[in-house]
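Encoded as structure tokens, the following chain is the form predicted alone, with no partner shown.
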Amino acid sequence: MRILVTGAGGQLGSAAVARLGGREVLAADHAVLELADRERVEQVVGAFAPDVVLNCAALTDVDACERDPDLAYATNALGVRHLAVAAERLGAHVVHVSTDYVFDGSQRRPYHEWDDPAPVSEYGRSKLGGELELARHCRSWAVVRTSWVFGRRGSDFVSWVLDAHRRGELRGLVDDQTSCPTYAPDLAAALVRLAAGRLPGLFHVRNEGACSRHRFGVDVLELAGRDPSGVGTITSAELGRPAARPAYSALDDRAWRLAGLPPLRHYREALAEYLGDGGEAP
């Protein structure tokens, strides 16, 4: 099986590549493949001729998307169209990563795969656009919505919390946003399962357990052997960010479970592994 992994230089893409040992893989980072460049997408996909495309590439800076919607749509929506069209020509199966930000956060129970999306930010709208483009232009596909991804490569919420706390600058964390933290290697294993089996459909995949940003930060500090007592709570409004975030976007993995696929472990167990059994993250 030949598998093309886009966004291979990022947190999730690199974790997926690490899980694909023994298969013929083209790990395409941003320098190799820019989704907004239609000709380049067609060239790379056509030359490698993959059986499966695992799309981990996206513009994920929520506030940058709000400031420049055209840039967001060029990558997150139109770029997915380019990839879908190129994959369809070869009969390749596409596994595409989307987000909990396709929901508005107004309901107080976890969102399952049959709930109607209603994004409140340009990032969420552009990612929903990518889902629609894939369904329109490719016959064999799976969409995986996930949330609050953390992992060892690059910067993430966990490393930010630890660094800010080390500098004595962590005074408060947002307490009015709730979702499900997801460990990149665990999510990557789920993506590889969908890719290897060419399983179709829309799935919510995240680690078990939902929490606020504040609770997650406290968990990080506790499991790293730090004292979280000085970390207070703040509201999203106090941050004054350009883009709105859904207040509650916890995901229910109903379709995943009903398909007989194994649930991911609790996020605290995954976080403990990330931190090295209570030690510091590298």
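Computed from a predicted structure; not experimentally measured. A residue's number is simply how far along the shown sequence it sits, counting from 1.
The discussion below concerns the form predicted together with a small molecule, not included here.
Taking the partner from elsewhere, no residue among Pro50, Val94 and Ala142 has a non-hydrogen atom within 4.5 angstroms of the small molecule in the predicted bound form. Though the small molecule is absent from this view, in the predicted bound form it lies within 4.5 Å of a heavy atom of just one residue from Ala270, Leu264, Leu12, Val25, which is Leu12. With the partner omitted here, the residue from Thr75, Thr178, Asn207, Ser121 that has a non-hydrogen atom within 4.5 angstroms of the small molecule in the predicted bound form is Thr75. When contacts are judged by a 4.5 Å heavy atom cut-off, Glu222 does not count as touching the small molecule in the predicted bound form.
Using a 4.5 Å cutoff between non-hydrogen atoms, Trp148 counts as a contact of the small molecule in the predicted bound form. Shown alone here, Asp252 lies farther than 4.5 Å from the small molecule in the predicted bound form, counting heavy atoms only.
When the small molecule is considered in the predicted bound form, Cys65 lies well away from it, no heavy atom lying within 4.5 Å. With the small molecule left out of view, the stretch that reaches within 4.5 Å of it through heavy atoms in the predicted bound form is, among 237-245, 224-232, 252-260, 30-38, 30-38.
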